[in-house]
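The form predicted on its own is given below as one chain in structure tokens.
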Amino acid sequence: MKKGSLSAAEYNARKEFIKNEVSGKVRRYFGKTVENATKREIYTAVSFTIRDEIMEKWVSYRQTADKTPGKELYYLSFEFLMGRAMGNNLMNMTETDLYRDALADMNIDLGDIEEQENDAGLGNGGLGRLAACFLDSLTNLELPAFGCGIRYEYGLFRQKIVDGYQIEMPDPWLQSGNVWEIARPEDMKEVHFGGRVEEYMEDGRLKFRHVDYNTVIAEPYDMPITGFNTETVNTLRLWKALSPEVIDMNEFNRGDYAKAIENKELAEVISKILYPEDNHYEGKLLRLKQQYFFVSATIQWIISKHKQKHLSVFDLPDYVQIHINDTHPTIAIPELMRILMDEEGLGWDDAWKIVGRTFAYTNHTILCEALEKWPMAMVDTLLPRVAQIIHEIDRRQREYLCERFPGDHGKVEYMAPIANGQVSMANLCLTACHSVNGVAALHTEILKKETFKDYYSVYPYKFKNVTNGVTFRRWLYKANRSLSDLICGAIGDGWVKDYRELDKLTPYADDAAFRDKFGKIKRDNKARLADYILNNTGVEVDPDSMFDVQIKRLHEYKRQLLKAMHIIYRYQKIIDGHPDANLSPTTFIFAAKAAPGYHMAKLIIKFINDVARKINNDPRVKDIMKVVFIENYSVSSAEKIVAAADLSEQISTASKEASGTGNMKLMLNGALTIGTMDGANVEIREQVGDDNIFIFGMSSQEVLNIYASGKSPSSELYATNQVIKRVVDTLIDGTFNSENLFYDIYRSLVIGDHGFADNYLLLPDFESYLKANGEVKMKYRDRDAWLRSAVINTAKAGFFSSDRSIEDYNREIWHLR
């Protein structure tokens, strides 16, 4: 709430109310005054003051929604990367300025207090952040929705960089409590594992009973999801695992204290950590337990909630839409079948019709390793009744496929839900769901023509495209307040609610005065990021250098290694005294986490850090280039980086990136993209035009052709191209590390496995990438031309709003009322 929206008297009255609430809570909760309270205690008092206002809206909205027999969305996701809640909620309440002024009167800096909040450890990368953006947009558009996931106690991990290595530390984000959640013990559900299935006859029908199982209690915690200046408050429901037994007193009294709490620990480990390492049996088993735990609790809750409204389960698809975000929640499909048949008494055909109309599925990858498969024997043991249902789905689907493709056993085997002793979660989704969507135009075409082409030939009507988006409210209005104010001054603030309004900024790209203001804001943001880098890494960087940014999950297909190779090439040219090499001073910024068991990704992090150490300590290049790796990448650090970035690195191997959303956040804040024709880069290029993006490398079809041929050109390129060879040889010649640590990276590029080197085709794209970087340097020297392109990127980002994505989902798939 800005001063202009209230009279002076009203504004001052609100300030006094806030000050009294905060100081009163400090006294009542902590027995202190504001003057001697800690920052964490003041954070808690301020948060509860904000929460009180949200609770009033939340209660009112739920009362109305529960009385309205409309269709609601349940968005099932293994991740929700929410970021900090305080600042986001203040923004949505339009009271950021009001709280800032009220706290300033108390000699408290709102920014300092916001820094006391831990990032919620509920996600890893783009999948979880997309889910968070979607909840924001659903609420902003006043569509009724619940996000459903796991309340991870420790989240993924807190990344420390020690001597260049990634070290994984626990991330106890809940150790100081979470102001924004409400426990709902009245909605606890039992989730059953193990045991066996008994068959019995009742009313002339064969029925099934799950017995001798182990029980885990699922306790829900709800977090309110506010919308920007709306009365709608949606809900994120997260499930915590509890043991029904607190302690085994017999074992305790015998002195076996570890055994006494063993069952409790085995149950509660389910909600401890996001993505437990699954390269061994116990890790796979825990991951499967996690998936079943949260979907079983969620499906049980949905059914009980539906029946409380005195509605028949036959009407479920008219009032409930369940969306599966990637394959992790797929086990929800047979779980709903189980409940409908075993608990609600439906026959198979009726239950299957309900399931088919209720579920939709978003695919986020074409990478085989990310299309989850589980050993069927594991499912048989852990979830015996659910396993029976999966076997029956497989049997019926095989019958259908054999009729559709007579005599083509190989195709049937490839498309069946169960094959080679494994259940394919993607095939289960493709069989059961009424909608299957990709997340960018190119990605969806690859799904149709390559990844799921056989299923597309059978169910073409199921396949849809919904290009991803990001919420402008967090990623521009909050993350880059100065730029937001400049935009509002030019075109008004309608764009915050209506993404279409942002296009009105386009003519300002030709306004010299506006460009100059735009450039000064970018420079100020870079100065703030430079301070953050100095405080967190000890590296001093020049805010007047170009900030070249690659921030995303560390995976080989995202090709952080290609960026490192370009940095080495440029370093070599400077050392050689090349006349052009020392122009356009550049700060190269990386931030990324690698999965703990992903050897190559962790080795690439070490390599980038060793390259950084060498370059940052070489006086010959100290004014020309710096390399920075920001540890423990998170939503809150991303907010600082996106506002300051000049160049956005989106350089994945064409055909591998489903969409990307980092590209959208950076574009929104006026960064120019350098990238391949992959994922949403294709659509970014369509929006901004060829003059305002730097495209390089092979097309997706060219990449797919190389894979189909089984012959990589990389070994020959290494042998014949001296530029490539010189860069690649630094992996093994001691330039950056004398211990030959990086031989595995070298081998992957030059030798490879099974005769195919360089699986993500860095070397074939390298010279094209160098050329594109040369174009970047040339353009950056022309400040006016660069700023014109930067303004156009921001103005044309409207298409990439998550509000537009949600409108598309609702129109094409969900049909929420």
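Quantities reported herein were computed from a predicted structural model and do not represent experimental measurements. Sequential numbering from 1, following the sequence displayed.
The form predicted together with a small molecule exists for this protein as well; it is not shown, and the discussion that follows is about that form.
Is Asn279 close enough to touch the small molecule in the predicted complex, meaning at least one heavy atom pair within 4.5 Å?
-> Asn279 belongs to the contact set for the small molecule.
Non-hydrogen atom contact Glu372 with the small molecule in the predicted complex at 4.5 angstroms = Yes.
Indicate whether the small molecule has at least one heavy atom within 4.5 Å of a heavy atom of Gly126 in the predicted complex.
-> Gly126 belongs to the contact set for the small molecule.
Please check if Asp610 has a heavy atom lying within 4.5 Å of any heavy atom of the small molecule in the predicted complex.
-> Judged by the heavy-atom cut-off of 4.5 Å, Asp610 is well away from the small molecule in the predicted complex.
Among Tyr557, Trp352, Trp173, Phe463, which has any heavy atom within 4.5 Å of the small molecule in the predicted complex?
-> Exactly one residue meets the criterion: Tyr557.
Tell me, out of Leu130, Val295, Leu666, Ile225, which residue has a non-hydrogen atom within 4.5 angstroms of the small molecule in the predicted complex.
-> The residue from Leu130, Val295, Leu666, Ile225 that makes the contact is Leu130.
Determine which one of 582-590, 651-659, 477-485, 631-639 lies within 4.5 Å of the small molecule in the predicted complex, judging by heavy atom distances; exactly one does.
-> Of the stretches listed, the one contacting the partner is 651-659.
In the predicted complex, do the Cα atoms of Val379 and Asn279 sit closer or farther apart than here, given a shift of 3 Å or more?
-> It is farther: the C-alpha separation of Val379 and Asn279 rises by at least 3 Å in the predicted complex.
Would one find the Cα atoms of Ile389 and Pro276 closer or farther in the predicted complex than in this form, where their distance changes by 3 Å or more?
-> More distant in the predicted complex, by 3 Å or more.
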